[in-house]
Ligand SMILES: C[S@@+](CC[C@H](N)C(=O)[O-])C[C@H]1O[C@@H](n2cnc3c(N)ncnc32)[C@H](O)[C@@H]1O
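One chain follows as structure tokens, the form predicted on its own.
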Amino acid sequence: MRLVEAAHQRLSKHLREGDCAIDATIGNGGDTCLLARIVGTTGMVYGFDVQTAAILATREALQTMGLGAQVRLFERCHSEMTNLVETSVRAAVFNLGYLPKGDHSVTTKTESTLGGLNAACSLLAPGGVLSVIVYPGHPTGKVEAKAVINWVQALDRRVWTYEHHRPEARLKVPPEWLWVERRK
């Protein structure tokens, strides 16, 4: 099973209708659509991306699935989410790297990603989760993955638990998945 599929299964079990969630890196809308379907019309999903192409692709995917009403998209950096989200959330999803089928020279950056993770933590309700997939297979991703893993390992264990999933390598440098939960 791919890491994205495993993350989706876990998020599907964790979230409920009426919850609020964040997709910190909307990309082409896969995670956003999943979150919107789960939280339903009584919930809310806040989506962030700095690329216009990502906003347009996600908006189109949401419209195709009839899910746009419960989603607010922001063409802004995920590190700015605390300025735009005024409620606690049950989940925040980070799928780092570059936009699939987009400009691979535009990638998430370590500094803003760490800012986004800190912002997401400040918004997570007790029992809330972060799902973070890192891609160390390209130079920027390697630096970012190391920083994110170090960030997760440094979290206060009295408040946070985490799991670090490293699949068997089908790829030379496979992606890795971090699941972080705020204790209740």
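These figures come from a predicted structure and were not determined experimentally. For every residue, the number given is its place in the sequence shown, counted from 1.
Although it is not shown, the form predicted together with the named molecule is what the next lines describe.
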Query - Contact label in the predicted complex: residue 104 to the named molecule, heavy atom within 4.5 Å - result: no
Query raised in the report: Any chance residue 88 has a heavy atom within 4.5 Å of the named molecule in the predicted complex?
Result: no
Query - Partner proximity in the predicted complex: residue 24 to the named molecule, non-hydrogen atom cutoff 4.5 Å - result: yes
Report task. Answer with yes or no whether residue 82 is in contact with the named molecule in the predicted complex, where contact means some heavy atom within 4.5 Å. Result -> no
Query raised in the report: Though the named molecule is not shown, can you say which of 38, 62, 50, 124 has a heavy atom within 4.5 Å of it in the predicted complex?
Result: 50
Query raised in the report: Candidate spot 110, 132 and 152, all three in 4.5 Å heavy atom range of the named molecule in the predicted complex?
Result: no
Query raised in the report: Going by heavy atoms, what in 138-159 lies within 4.5 angstroms of the named molecule in the predicted complex?
Result: none
